[in-house]
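The chain below stands alone and is given as structure tokens, in the form predicted alone.
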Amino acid sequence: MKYFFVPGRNYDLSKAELQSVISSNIKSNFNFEFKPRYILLTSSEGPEVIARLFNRLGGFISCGLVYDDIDLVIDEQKDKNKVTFGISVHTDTPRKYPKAKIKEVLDQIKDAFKSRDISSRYIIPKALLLETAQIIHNDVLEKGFELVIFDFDSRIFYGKTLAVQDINQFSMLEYDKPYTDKEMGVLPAKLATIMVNLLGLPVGSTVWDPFCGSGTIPLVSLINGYNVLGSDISADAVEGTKKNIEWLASSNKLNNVGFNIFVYDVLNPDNRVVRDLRKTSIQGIACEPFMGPPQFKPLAPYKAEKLLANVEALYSNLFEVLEKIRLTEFKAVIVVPSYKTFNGWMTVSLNKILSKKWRIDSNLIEKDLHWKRSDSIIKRNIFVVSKKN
């Protein structure tokens, strides 16, 4: 079977995430076809499996099943009394699809249902694409379908959406949790999910965030079925993370997972804690260090240098601690910031952070990965690091 995935705006990051999740969860043969605006996956796995894996992702808008003909999508609704449906068009030639033409296609589908004595209503996209909120609020996937048309490079094919990104959950994790320290900066929940997925760990593994802050990485790790260690130099952050986990657990989103959140300063490591960590099974680290307060205009170079020196010290000490813990079969996904200054972008080299015992993984990553909005003052560079055998 062939499936489509529609990535968000950080294509390369989304691509690496999908490769990691599919390769670590599907044991049968599969094949990717990478296009600039979408990704195709050929797999013998059924739609339920693909939809379940999609729901783990942070970097994708939707996924669905590819069809040879629109009629096949319509035929699947034959046992329903009423159908709600919509249409989205992904194309590099939007002029071919004026609103009148899209409405014509929708009317034709509605007539097809009428001829079969099936009541139906359709949702018109605001542009060429139905918004995720439109699909969710109208129960399109539960009551009917979203027909998707892909038209690129003179190639046209059709699809039916299986799942869309759970925007409500990501919004909840960012805005509804009881503890947030906005002065310390907030890691986006979607990015935290991508980072955890880049570890490529089986469900039930343990993920450690040594700079947990308000606990975004621990929260998304627990939701996806991982055990969690979280630590921070700030006692307030540790208590806040505990409150956030309790809040998440109250909504019944945690199953068969455990967590341990504690105060820990990697710059002044407590040897007793190191001994405890050495006895703990840890398969991966995902973290973002303190990068300074939120910035709203380019920095003076000396301020960027000061912030980068702090990041370098945090990571250098962290990786020294990891060597003391003596972890094996281990990966780390880390954020290394770049700051926009009056003289251009400034960052810190990984060569200043990592000893020769560590390497940057590149088996799934072909380009530099980063998370950045168009007006960002801080760019988050994402690296996957593992210990050499």
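From a predicted model like this one, the values you see are computed outputs, not experimental measurements. Sequential numbering from 1, following the sequence displayed.
The form predicted together with a small molecule is left out here; the points below concern that form.
Participant: Do M184 and the small molecule come within 4.5 Å of each other in the predicted bound form, heavy atoms counted?
Facilitator: Result yes; M184 sits at the interface with the small molecule in the predicted bound form.
Participant: Is E174 close enough to touch the small molecule in the predicted bound form, meaning at least one heavy atom pair within 4.5 Å?
Facilitator: Judged by the heavy-atom cut-off of 4.5 Å, E174 is well away from the small molecule in the predicted bound form.
Participant: Classify I233 as contacting or not contacting the small molecule in the predicted bound form by the rule of any non-hydrogen atom within 4.5 angstroms, answering yes or no.
Facilitator: It does: once the small molecule is placed as it appears in the predicted bound form, I233 has a heavy atom within 4.5 Å of it.
Participant: Does F290 make contact with the small molecule in the predicted bound form, using a 4.5 Å heavy atom cut-off?
Facilitator: Yes, F290 lies within 4.5 Å of the small molecule in the predicted bound form.
Participant: Counting heavy atoms only and using a 4.5 Å cut-off, do G86, G144 and I149 all touch the small molecule in the predicted bound form?
Facilitator: No, the whole trio is out of contact, none within 4.5 Å by any heavy atom.
Participant: Using heavy atoms only and a 4.5 Å cut-off, determine which of E131, D265, E305, E312 is in contact with the small molecule in the predicted bound form.
Facilitator: Result of the distance check: D265.
Participant: Which listed residue (T193, S214, Q165, S120) meets the criterion of a heavy atom within 4.5 Å of the small molecule in the predicted bound form?
Facilitator: Answer to the contact question: S214.
Participant: Counting only non-hydrogen atoms, choose the one of 276 to 284, 293 to 301, 89 to 97, 225 to 233 that falls within 4.5 Å of the small molecule in the predicted bound form.
Facilitator: In short, 225 to 233.
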